[in-house]
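Below you'll find only one chain, the form predicted on its own, shown as structure tokens.
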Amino acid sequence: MLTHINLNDRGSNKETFHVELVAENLEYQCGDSIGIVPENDSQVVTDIIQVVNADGNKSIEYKKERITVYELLKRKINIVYLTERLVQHYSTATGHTIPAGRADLLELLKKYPVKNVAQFEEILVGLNAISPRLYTIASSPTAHEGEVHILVVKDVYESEGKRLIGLCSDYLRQFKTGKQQTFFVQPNKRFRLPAENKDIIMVGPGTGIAAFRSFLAERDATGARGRNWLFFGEQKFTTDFLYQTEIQNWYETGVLTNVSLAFSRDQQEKIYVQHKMLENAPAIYQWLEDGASFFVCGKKEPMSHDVEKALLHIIQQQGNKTAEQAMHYLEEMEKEGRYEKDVY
């Protein structure tokens, strides 16, 4: 790791980390993602081993691979927020009556102990492997040669009254400069920059800005002639304007033709990117009529649906079309590869 920076300022409700990794000779394109398999917390792994009085150095078989109990718990299997199915599997294996719901392995072991170490090992090999997490690449292969950048927000959520942090976002936010990390490239052939002379409209609130930092850096580095319009949104201008300096520089140098910003908590009434789209309806429709591509990146719910609803309204209103005709217009854009989404 080269760089690990929290882009949110003091007083923000969020932690969003810009992470740069050395990646010599890495081949990727703007719009691709990288996949990272996180590791479990070392203290939690140690606590699990101690609770059952197991030998962390003992080698057992998992998916036709010999691995120590410690390494299995640390790097291979998911031990947090187990699915309801796996909790019930644990219940059946141990003979305990456990309420339906999700739970961490350590929590289960403390409340509903295993009979012995052999039963513990049997349960371990039945758990799911840690799933890779995909992060849209925030760098340009031309502008950031030999590196790959991602944007990671600390994922905080509640379940059954408990405040939880996403495994991979917590893992990545604790990264230190110099740490090594294995990853893979996940191509996204349906989220590609058009020809260099084509216009693009990009809607990327929050971490959705990652893809468009990649797009803009690439277009800047290659001298692309197409116009670029960015819609970005977050909570507060003073604390949450991710990549503010770069965005301002791209606007000042003409790489960005238009920038439309929506900071939802800076006024009494919440304003989001879809509201800024509606404010600019005539210009957006003209760009579309001139052949612009429209990209959306970020949260699927509810952002991408709200953005599509606003886009359909713009097409219907500005194009003097029926709702059915507006939907057909958007479907044709999608067939032509001019309406693309990278949502999660």
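One-based numbering along the sequence shown. Bear in mind the structure is a predicted one, so any value in this text is a computation, not a measurement.
This protein has a second form, the form predicted together with a small molecule, left out of what is shown; the following refers to that one.
**Q** Just one of F263, F183, F175, Y81 has a heavy atom within 4.5 angstroms of the small molecule in the model of the complex, so which one?
**A** Flagged contact: Y81.
**Q** Counting any non-hydrogen atom inside 4.5 Å, which residue from N116, T92, S159, T222 sits next to the small molecule in the model of the complex?
**A** The residue in contact is S159.
**Q** Does the 4.5 Å heavy atom contact test between D104 and the small molecule in the model of the complex come out positive?
**A** Yes, D104 sits close enough to the small molecule in the model of the complex that at least one of its heavy atoms falls within 4.5 Å.
**Q** Would you please decide whether E246 lies within 4.5 angstroms of the small molecule in the model of the complex, comparing each non-hydrogen atom pair?
**A** Contact check for E246: no, nothing within 4.5 Å of the small molecule in the model of the complex.
**Q** Answer for Q274 alone: is it within 4.5 Å of the small molecule in the model of the complex, judged on heavy atom distances?
**A** Flag for Q274 set to no.
**Q** Classify T207 as contacting or not contacting the small molecule in the model of the complex by the rule of any non-hydrogen atom within 4.5 angstroms, answering yes or no.
**A** Yes, T207 lies within 4.5 Å of the small molecule in the model of the complex.
**Q** Out of the stretches listed (163 to 171, 254 to 262, 197 to 205, 214 to 222), which one is close to the small molecule in the model of the complex, meaning heavy atoms within 4.5 Å?
**A** Among the listed stretches, the partner-contacting one is 163 to 171.
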